[in-house]
Ligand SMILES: NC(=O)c1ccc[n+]([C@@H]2O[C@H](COP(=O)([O-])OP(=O)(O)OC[C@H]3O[C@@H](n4cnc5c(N)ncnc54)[C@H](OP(=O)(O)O)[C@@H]3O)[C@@H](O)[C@H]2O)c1
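Starting off, we have a lone chain in the form predicted alone, written out as structure tokens.
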Amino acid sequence: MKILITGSNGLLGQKLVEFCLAQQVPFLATSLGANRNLMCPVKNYQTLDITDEKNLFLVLKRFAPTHIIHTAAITNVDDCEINAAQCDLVNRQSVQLLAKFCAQNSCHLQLLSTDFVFDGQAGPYKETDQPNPLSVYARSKQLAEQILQSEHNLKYSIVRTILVYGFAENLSRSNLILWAKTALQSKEPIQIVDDQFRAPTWASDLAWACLRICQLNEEGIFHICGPETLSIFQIVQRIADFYQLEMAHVSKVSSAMLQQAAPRPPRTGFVLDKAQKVLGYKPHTLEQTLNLLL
């Protein structure tokens, strides 16, 4: 097995690199720009623009992966709503290119997708439930999923996940748990929605599951997330309780009050039966991971 990772500078990408190194799995880490992961050896890194077909195919043919784990994407939901063309280029068109290569070269393509493909009216969701995306970002991910599902002779897996968090080197974006911990410690006034419900996912759990799917050569859709579905306000409350921080400066607000550019599904969460049965998936609770973050 030889794995090519896209988006290796991101949180999940760095965790995948960590697992590949620990398990001595041959890999090539790729991202747009220089390597920001201090754990990733120089020989295992390649700068890569996934929207540049000529260069993309050159890198893929040179490395000849048996599996590609495609984590690279534009994930800022509001930015995608405003910059729909760029969102489509990175989140959909790049998947079209990867699917073309993988179908021609007997390579397994794994796509990282999202709970946002659902409208949030009937969570928690099973892999067989029908998507109904609400935003530009969510539609780009559903269209990417459909590319894999419709491509002939393609071995693929789709890993949908929710609110990924954890710590890694030189990240370009923070995540809810780290941001909330910092905001609570600084005692700055913050507004937190209490009408959006998610199952926060420890990045290492997600990376383990992604790699496990490849190792078992499993195909199809897998739902991977944390074991509990909580409101965003409940998540912040649990962080405050764990670290013994005050909540006096935290106020509840509705999603409508925030006036975000992109609509969000009110309640997602996943049914994990398939992941637990097929992969042996055992996600950490929020409190277990907050202890690890210390």
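Start at 1 with the first residue shown and count on from there. Computed from a predicted model, the values in this text were never measured in an experiment.
Below: the form predicted in complex with the named molecule, not depicted.
Stretch 33 to 41 is the answer when you ask which of 245 to 253, 259 to 267, 226 to 234, 33 to 41 has residues with heavy atoms within 4.5 Å of the named molecule in the predicted bound form.
A single residue from the set Gln196, Ser157, Ser204, Thr161 has any heavy atom within 4.5 angstroms of the named molecule in the predicted bound form; that residue is Thr161. Within this chain, Thr75 lines the site of the named molecule in the predicted bound form, having a heavy atom no more than 4.5 Å away. In the predicted bound form, the named molecule sits beyond 4.5 Å of every heavy atom of Phe118.
Remark: Leu11 counts among the residues lining the named molecule in the predicted bound form, judged by a heavy atom distance of 4.5 Å or less.
At least one heavy atom of Thr71 is located within 4.5 Å of the named molecule in the predicted bound form.
Residues Tyr137, Lys141 are the ones in 121 to 160 with at least one heavy atom within 4.5 Å of the named molecule in the predicted bound form, listed in sequence order.
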